[in-house]
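Below, in structure tokens: the form predicted on its own, a single chain.
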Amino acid sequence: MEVLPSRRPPRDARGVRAWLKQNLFGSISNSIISVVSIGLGVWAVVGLVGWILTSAHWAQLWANLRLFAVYRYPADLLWRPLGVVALVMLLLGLTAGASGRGSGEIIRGVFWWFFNLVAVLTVLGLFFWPAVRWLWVMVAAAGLLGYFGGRAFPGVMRSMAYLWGASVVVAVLLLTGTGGSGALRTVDTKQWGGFMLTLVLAIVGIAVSFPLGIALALGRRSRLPVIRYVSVTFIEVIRGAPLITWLFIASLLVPLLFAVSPDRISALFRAMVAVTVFSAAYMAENVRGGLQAVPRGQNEAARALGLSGWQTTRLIVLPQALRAVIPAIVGQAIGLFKDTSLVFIVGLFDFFNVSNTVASQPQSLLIPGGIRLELSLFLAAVYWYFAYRMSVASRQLERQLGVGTR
């Protein structure tokens, strides 16, 4: 019996060299495409970084950071919006610290992502923003206090829902005021703006449109003709026109519905109505797609076990439907966050519209070519920072729930 000679050991398929060969230089055509793409990418990045560091004009943007943040919110009351930020960081830290494994990993990731931003802003405040220097220190301290407090007292997790609910009331009171002429005097929403306004519109729109969209999706599948036809009509009519149209309509229609003068209802409230209603219509279709993906046998098995129709929907069907459409729901939320920039049409100075104001200032017009490109890069970076965190949290939740796997 002939003994075969031993073979040479296989080459290591791990490491940077193996990855490059497998993904970028596996063949001649792939190598050519990779080299050209890498060359163009390096050329673009070097040119952009060089322009940012040597040719861009950032002084005017730096001088208007307060406008970008809160627009015309009174300077002596800046402790109120930053107090809301501190409250949010405190509760987010408590939730992250007290959470266990699973969803706790997602919440901790969100907390540290935003705490890193707060830390950078705190350092900038200590050196360059004397008016809010200690306010940013307060925000950073609140985040750390909440996180380590949650780690020390994990039982606080049982009360977090109530604390978050109470924080909404506190935030509204702080931002709007309670009247009078003191530190808690009322601040008209016409003075709101900047990124603060963008966050308010996005949070309210997402928080309200989600349950409303679920209700519309369930209504569209209802066996009662009145509920079904009303839901279908609402969804199809709202989706039949762009958001900008509904912003104009809300500016005129909301005062008519409440039978009051247009001056009695703030432009902010009318924009909230338009954004929420528009998002709810699209959210309803996303949820309906998830409901249709749940096998009919799930419903029949639940009814055979004696569950009522509402119990079947709440405990069996709806959780599976929402699990299946997490990417669509998060995509809708990210889109809504960016679509808030359209409220400049109705005269609100959100984060996007403030850039138009800054670009039109005399100091900006004196700069050759203006500062539109600098402002656009700044807007893109801020929008990306928040949208990317939502996208990461969505992917983490999908992996945790096993979306797309069997």
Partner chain sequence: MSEVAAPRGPVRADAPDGGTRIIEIDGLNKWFGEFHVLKDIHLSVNKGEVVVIIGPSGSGKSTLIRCINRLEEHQEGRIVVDGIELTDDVRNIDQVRRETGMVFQQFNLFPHLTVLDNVTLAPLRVRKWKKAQAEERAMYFLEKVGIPEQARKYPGQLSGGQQQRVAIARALTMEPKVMLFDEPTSALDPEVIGEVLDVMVTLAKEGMTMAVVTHEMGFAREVGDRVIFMDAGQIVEVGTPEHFFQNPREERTRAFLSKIL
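So that the term is clear: the rigid core is the largest set of C-alpha atoms that superpose within 1.5 Å between two forms. Everything numeric here is computed off the predicted structure, so don't read it as measured data. Positions refer to the first chain, counted from 1.
The form predicted together with its partner chain exists for this protein as well; it is not shown, and the discussion that follows is about that form.
Though the partner is left out of this view, residue 297 does reach within 4.5 Å of its partner chain in the predicted complex, counting heavy atoms only. The shortest heavy atom separation between residue 311 and its partner chain in the predicted complex is within 4.5 Å.
Contact check for residue 306: a non-hydrogen atom falls within 4.5 Å of its partner chain in the predicted complex.
In the predicted complex, its partner chain sits within 4.5 Å of a heavy atom of residue 301. With the partner omitted here, the stretch from 111-119, 206-214, 83-91, 311-319 that lies within 4.5 Å of its partner chain by heavy atoms in the predicted complex is 311-319. Residue 307 is among the residues whose C-alpha shifts by 2 Å or more between this form and the one not shown once the rigid core is aligned.
If you fit the rigid core between this form and the one not shown, you'll see the Cα of residue 295 move by 2 angstroms or more.
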